[in-house]
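In structure tokens, the next block holds one chain alone, the form predicted on its own.
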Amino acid sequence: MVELLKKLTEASGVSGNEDEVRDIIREEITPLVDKIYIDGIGNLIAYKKGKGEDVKKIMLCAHMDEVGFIITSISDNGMLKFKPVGGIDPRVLISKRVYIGKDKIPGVLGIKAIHLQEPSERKNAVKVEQMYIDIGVSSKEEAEKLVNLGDYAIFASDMVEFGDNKIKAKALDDRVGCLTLIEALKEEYDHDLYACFTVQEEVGLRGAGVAAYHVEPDIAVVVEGTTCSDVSGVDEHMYSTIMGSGPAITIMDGSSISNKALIEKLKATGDAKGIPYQIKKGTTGGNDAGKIHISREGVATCVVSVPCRYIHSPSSVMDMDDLKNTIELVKEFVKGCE
């Protein structure tokens, strides 16, 4: 499981460019399912036929894309200008390493040196417009041999196991969800299962709306990597989730309100199977449930998340037990659906 998580998190998959992640997932799940297809927007949808007679359509959803950058211009001195893709705090960018394009050209995010800044500049957070990517060349002509306008860039961040069962990696949001769906497909279920690995979540939940419209599920479960704020400087009552306390069940966020019956079913499943869980306290943000629950005539939808610190950065952190318990909760929930 750890080896696959490493492969998934280190792959390139900025919104609109999920091909590398999709190829890894497709290879993993092909022996596990009855049918795989890729829709027009790029979602990977896997169908696993249920063993029961009166079957429902259950949709599991996790997005393949991650936040990153797109190259917008090349300066005469060979520096690359870029725009962020998805929500990234500019304060985490300075001096970070990146890989650009299919060939993963190495680069460094830079700004004007502090020695050259005016006192007023030093007091303000650096804006993306002030930054550039340095790929170690000195002219536009040299840069154009390596990089094209429209190339995507990802954080250059290897997955690392450290501390007390912790994982550091980029793109835990939402490669933890992708891994959960892959593991869930290894089981047999009474109901028909549709594992939907979606695209472009970070730029507007776009793939999920298309997938839900096509599948027409009776029930949908979105599996996410979510904010974990149990860190120094944050009052305990402001914790959205707590690392090590199990998967987080969402009641409401900025994009959807989870179906009450499904929330109770998730809680009952955790209680019955001895799987720890927590209720997500924060209500900000959103995920693919925002588009799924309003598809066609409406879909009963719920969200289960793995708590991840420092989300949308090159060094997000999670607890491996939280991931394992998320996988177990999702599998047992689907098995127990009536």
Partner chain sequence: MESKDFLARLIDIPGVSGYEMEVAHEVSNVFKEYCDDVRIDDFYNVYGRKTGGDLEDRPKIMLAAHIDEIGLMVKDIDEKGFIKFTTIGGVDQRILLSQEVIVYGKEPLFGVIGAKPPHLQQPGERGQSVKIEDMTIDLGLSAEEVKELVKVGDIITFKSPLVSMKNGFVNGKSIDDRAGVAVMLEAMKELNRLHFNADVYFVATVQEEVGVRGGTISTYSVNPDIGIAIDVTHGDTPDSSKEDTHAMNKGPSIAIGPNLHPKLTKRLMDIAKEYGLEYQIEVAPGPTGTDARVMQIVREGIPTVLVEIPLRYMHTTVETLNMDNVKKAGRIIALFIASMEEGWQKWLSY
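Positions refer to the first chain, counted from 1. Just so we're clear, the structure is a prediction, and the values are computed from it rather than from any experiment.
What follows is about the form predicted together with its partner chain, which we do not show.
- Relative to its partner chain in the model of the complex, residues 42, 82 and 210 are all within 4.5 Å by at least one heavy atom.
- Exactly one listed residue, out of 243, 203, 126, 135, brings a non-hydrogen atom to within 4.5 Å of its partner chain in the model of the complex: 203.
- Listed residues 231, 108, 149, 92 were compared with its partner chain in the model of the complex; 149 is the one with a heavy atom within 4.5 Å.
- The stretch among 211 to 219, 172 to 180, 186 to 194, 153 to 161 whose residues place heavy atoms within 4.5 Å of its partner chain in the model of the complex is 211 to 219.
- When its partner chain is considered in the model of the complex, residue 70 lines it closely, a heavy atom lying within 4.5 Å.
- Its partner chain in the model of the complex comes within 4.5 Å of a heavy atom belonging to residue 15.
- At a distance threshold of 4.5 angstroms between non-hydrogen atoms, residue 36 is out of contact with its partner chain in the model of the complex.
- Contact annotation for residue 22: at least one heavy atom lies within 4.5 Å of its partner chain in the model of the complex.
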